[in-house]
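The form predicted alone is given below as one chain in structure tokens.
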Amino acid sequence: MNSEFIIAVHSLVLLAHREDGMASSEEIAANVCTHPARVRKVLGCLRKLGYVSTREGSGGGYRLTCDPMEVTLADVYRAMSAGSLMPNWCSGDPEMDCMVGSNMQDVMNSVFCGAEKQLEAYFSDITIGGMLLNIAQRQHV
């Protein structure tokens, strides 16, 4: 899991929370607790996918352009983090003359691919709007 996914989800939930669905990268960054440049990078990806639009100038920023009850965490995960569960390195070597060492990479790839599919399936039941509702419920507890 990478931080871009977290920034993307947090930003979309924050924009869904706003009456006008809009906030500047500085406002979003302050809420996320990160640098505005990181927010701009992530929201640039979300803009290309049609989740947000930008408005330049005074009073400008990012505006939510999707229905938060329709966008799932799986959508955001696929856009920002697909494949991030896969390790950068795996033990073993397919050329080894050992059953364990020569097959470990394939078996571990299979394990992580299965885990990623299950994660996406879990995320497919959670929407940006549902995240906002969950936050609102916690606020009133």
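So that there is no doubt, residue numbering starts at 1 and follows the sequence shown. A quick note: this is a predicted structure, and the numbers were derived from the prediction, not measured. Each form is matched to the other, and the largest set of C-alpha atoms that superpose within 1.5 Å is called the rigid core.
The following text describes the form predicted in complex with the DNA, which does not appear among the structures shown.
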The DNA in the predicted complex: contacting segment from 112-120, 69-77, 96-104, 46-54, heavy atom within 4.5 Å:
46-54
G83, S124 and I135 - do all three of these have some heavy atom no more than 4.5 Å from the DNA in the predicted complex?
no
Although the partner isn't part of this model, could you tell me whether S58 comes within 4.5 Å of the DNA in the predicted complex, counting any heavy atom of the residue?
yes
Looking in the predicted complex, any heavy atom of S11 within 4.5 Å of the DNA?
no
Across 86-101, which residues bring a heavy atom to within 4.5 Å of the DNA in the predicted complex?
N88, W89
Comparing between the shown form and the other one on the rigid core, is the C-alpha shift at S58 2 Å or larger?
yes
